[in-house]
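As a starting point, one isolated chain is supplied in structure tokens, in the form predicted on its own.
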Amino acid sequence: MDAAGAAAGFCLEDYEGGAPRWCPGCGDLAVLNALQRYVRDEQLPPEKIAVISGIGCSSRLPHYVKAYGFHGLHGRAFPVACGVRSRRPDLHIFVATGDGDCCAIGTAHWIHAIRYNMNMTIMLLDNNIYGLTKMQSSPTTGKGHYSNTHPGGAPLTPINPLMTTLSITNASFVAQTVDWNPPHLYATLAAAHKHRGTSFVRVLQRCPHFMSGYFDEMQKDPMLVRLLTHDKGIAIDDAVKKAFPNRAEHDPSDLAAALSFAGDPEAHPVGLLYSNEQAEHYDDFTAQGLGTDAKAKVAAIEKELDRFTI
């Protein structure tokens, strides 16, 4: 961007990477749009943004953001993101993962990333199916739902990513939103990014190709979605609240209540379930030695090697 453009600030085009190749109507497009608009509104320099992902439809997101990106191995987005955070605390880190990438092959990394509580925003794009590999059951696929791996219907009750994350030691921010309400999606990502620590945002995300109609009931019957409201929760306009007639006042510092809302079979919670500003931050520890120059590092290595001199 030239000097005149820099003076005017960053525009949306400054954050647009390659042309998205998701299916028309895919909920991933809504997440990408919300993320690009948010970093534009916050005027975050593209060179200060890192988008990390694993494998899956959702994990293509780094290709579509003009910033640093890392498209990693299946289930390995979290250790890569933690590594980046430990050496580049100046970057704004966003992690894009899916229900298979996070909740299946990446489960161990998911648990420890939440426990480490390093400063990053995790976006779990949960469409309840393996989309990239063409419709196999994922850990969040509803019991009885047809898939190529379970033509008679998925035999097990699905994992609940919200309850799982809330139960992990040192969890500090757990929220849920939906791709079909852009204002709430945007507001949730904004609150997540402004939180210091690991912000876990589950996005109920439509897959029009392999899960067509899966979320139709939630969209048609607003009572199946419960908006969590509180002064310390997700800030949204009154006009947006009107889309959610089923509401509940919820203090996000109340973990027991958060678990109750997360596990309620009658309504899917939307909003901030839990926030703990007092949680420990592992990146406070990993930041030690960041300012050490090359000469001092060599001296430290030689000192350790001298211990083994015979």
Partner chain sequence: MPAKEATEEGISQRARLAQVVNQHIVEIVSDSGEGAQTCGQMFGTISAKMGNGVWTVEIIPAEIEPPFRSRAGASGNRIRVGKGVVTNMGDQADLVVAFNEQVLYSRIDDNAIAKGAHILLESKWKEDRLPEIRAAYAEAMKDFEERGFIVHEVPMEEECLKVVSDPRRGKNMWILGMLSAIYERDVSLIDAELERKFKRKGKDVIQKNVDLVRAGYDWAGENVDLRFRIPVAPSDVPMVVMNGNTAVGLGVMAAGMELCSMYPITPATSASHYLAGSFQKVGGVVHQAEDEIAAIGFALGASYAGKTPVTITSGPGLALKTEFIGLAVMAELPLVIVDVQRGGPSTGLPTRVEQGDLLAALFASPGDAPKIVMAPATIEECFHFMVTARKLAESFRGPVMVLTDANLATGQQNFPRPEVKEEWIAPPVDQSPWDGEVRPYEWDETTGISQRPVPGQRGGNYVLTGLAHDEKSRVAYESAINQRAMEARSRKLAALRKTLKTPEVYGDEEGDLLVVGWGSTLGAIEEAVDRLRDEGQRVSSVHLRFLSPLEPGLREIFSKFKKVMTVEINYSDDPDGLGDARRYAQLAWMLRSETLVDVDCWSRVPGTPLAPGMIVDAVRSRLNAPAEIKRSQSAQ
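Because the structure is a prediction, the values reported are computed rather than measured. Rigid core here is just the name for the largest C-alpha set that superposes within 1.5 Å across the two forms. Numbering follows the first chain given and starts at 1.
Separately, the form predicted together with the partner chain exists; it is not shown, and the next lines address it.
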| query | finding |
| --- | --- |
| Close approach of Asp90 to the partner chain in the predicted complex, 4.5 Å, heavy atom | yes |
| Contact flag, Gln219 vs the partner chain in the predicted complex, heavy atom cut 4.5 Å | no |
| Contact label in the predicted complex: Lys134 to the partner chain, heavy atom within 4.5 Å | yes |
| Distance check, Ser212 to the partner chain in the predicted complex, heavy atom within 4.5 Å | no |
| Heavy atom within 4.5 Å of the partner chain in the predicted complex - residue from His230, Arg226, His74, His193 | His74 |
| Options 239 to 247, 266 to 274, 279 to 287, 33 to 41; stretch whose heavy atom lies within 4.5 Å of the partner chain in the predicted complex | 279 to 287 |
| In the predicted complex, residues of 108 to 133 near the partner chain [heavy atom within 4.5 Å] | Ala108, His109, His112, Tyr116, Met118, Tyr130, Gly131, Leu132, Thr133 |
| Displaced residue check between the shown form and the other one: Lys297, CA, 2 Å or over, core reference | yes |
